[in-house]
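So this first bit is one chain, no partners, the form predicted on its own, shown in structure tokens.
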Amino acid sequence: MTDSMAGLLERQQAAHTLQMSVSAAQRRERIQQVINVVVENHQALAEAMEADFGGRSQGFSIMNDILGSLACLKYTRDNLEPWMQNENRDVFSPYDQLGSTARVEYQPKGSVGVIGTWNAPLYTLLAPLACALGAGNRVILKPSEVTPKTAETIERIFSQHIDPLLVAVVTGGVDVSASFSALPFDHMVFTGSTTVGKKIMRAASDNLVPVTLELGGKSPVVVSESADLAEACKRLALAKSNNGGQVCVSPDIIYFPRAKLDQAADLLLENFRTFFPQMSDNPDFVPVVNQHHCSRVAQLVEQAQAAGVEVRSSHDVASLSDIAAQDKRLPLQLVISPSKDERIMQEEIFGPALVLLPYDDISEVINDINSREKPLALYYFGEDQAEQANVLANTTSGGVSINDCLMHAAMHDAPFGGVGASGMGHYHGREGFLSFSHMRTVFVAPVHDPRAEWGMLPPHYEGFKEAMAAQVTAD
């Protein structure tokens, strides 16, 4: 498999070398090919995702992965032409007066490798693919092995309808992903955990391959005294239920004013039960992808509970571990005021559980957020503009949504990406186009070279150093 992947990459890069200039029309046509494949095969893709999750509704998969991917592809298709235009830049004096010009050109990098993840098994491949094709590149996709039916379906439909020298798909397990990340791509994208992201970056460094890493972290929510508590809890319950909590920008920790925490917990559970009156076999709720991942989420909650931490559940259950072995639809779990030593405070939850923490002063919240790794998302609920500005100015995160969750990640005309442990680089929109383009500066010299007249050419005259030093000023 390694040899065949390496050979495929070599052929793509050779094809790129033969056609390095890719017009806007050609790029639109390439993107349209992918759009057509997704549209014509959306039912097969939805069925594959339903099977991989053991009950993810086809309607949700169409909304989340199919329509989300198509929106990214169409936005790039419809907007890439102005992005491609050369950008004129100012030339330094006095060359600007001698007729020199300078510009920045946006070149395709070549062949881009994209490693997707299982929670959005189509979207995490095709959203970066849209930007990579828009930038004029060729692409090799590596779907997640955790969702094998989806991976097989993607490989089948792309191999049937799209030239592998344009977009190819390789499938396989962890060993294939490791070999894939070690190939000399011209750029690589990985979506997944911070732990695996570090391995991808190490492997890419051997070939000096630039990387875009979309990771995760414990995305915090700050609920202000000024917030509409009922509305905030409704939106938080809905956000945490999205994809069964298996979203890289899902809220993990919510800070409530101390006096409102108990009421907030009641509202979160009440809203969750309104959305999902029963859990078992409920087609509206996405199950955790497999027993291993479900058991991990259950253990995070059960370990905290065993340590004496208060845990409240949206639905009565005898054992979370039993659900993990059966339906995999866990009810919402609220873990209230755990110590920092608890495992649920150390790991991204990636399932239907939330940590609730009380606060007395907003400075406590800011300090606590900053005591952990930088998250992929941060959320603020409230109408206190000064406090909101304080929180945003004194914390760092990949992105922010105000008075809702997840929404910033759906913006097509804004960069999406992490910072620090939550990732690096961006895609979506123009910023995605720039990420997958080589920005090349082109300087055009004047017809007349004045450097000899200025005394700038060797052999240098006596006093040359003094003349240069005289220009060293702070003005």
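Numbering starts at 1 and follows the sequence shown. Fair warning: this is a prediction, and the values are worked out from it, not measured in the lab.
Unshown form predicted in complex with nicotinamide-adenine-dinucleotide (NAD); subsequent notes refer to it.
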F60, N282 and P352 all contacting nicotinamide-adenine-dinucleotide (NAD) in the model of the complex, non-hydrogen atom within 4.5 Å:
no
In the model of the complex, H293 touching nicotinamide-adenine-dinucleotide (NAD) (heavy atom, 4.5 Å)
yes
Does V170 reach nicotinamide-adenine-dinucleotide (NAD) in the model of the complex, with heavy atoms at most 4.5 Å apart?
no
Is E348 close enough to touch nicotinamide-adenine-dinucleotide (NAD) in the model of the complex, meaning at least one heavy atom pair within 4.5 Å?
yes
Residue contact check: S181 to nicotinamide-adenine-dinucleotide (NAD) in the model of the complex, 4.5 Å heavy atom
yes
Have a look at 329-337, 108-116, 260-268, 352-360 and name the one stretch with heavy atoms inside 4.5 Å of nicotinamide-adenine-dinucleotide (NAD) in the model of the complex.
108-116
Partner-free chain; cross-checking nicotinamide-adenine-dinucleotide (NAD) in the model of the complex, the single residue of G398, G192, P287, P220 with a heavy atom within 4.5 Å is G192
I need to confirm a contact call. Of E145, E364, E81, E152, which residue comes within 4.5 Å of nicotinamide-adenine-dinucleotide (NAD) in the model of the complex, counting heavy atoms only?
E145
Would you mind checking 246-282 for residues with a heavy atom within 4.5 Å of nicotinamide-adenine-dinucleotide (NAD) in the model of the complex?
C248
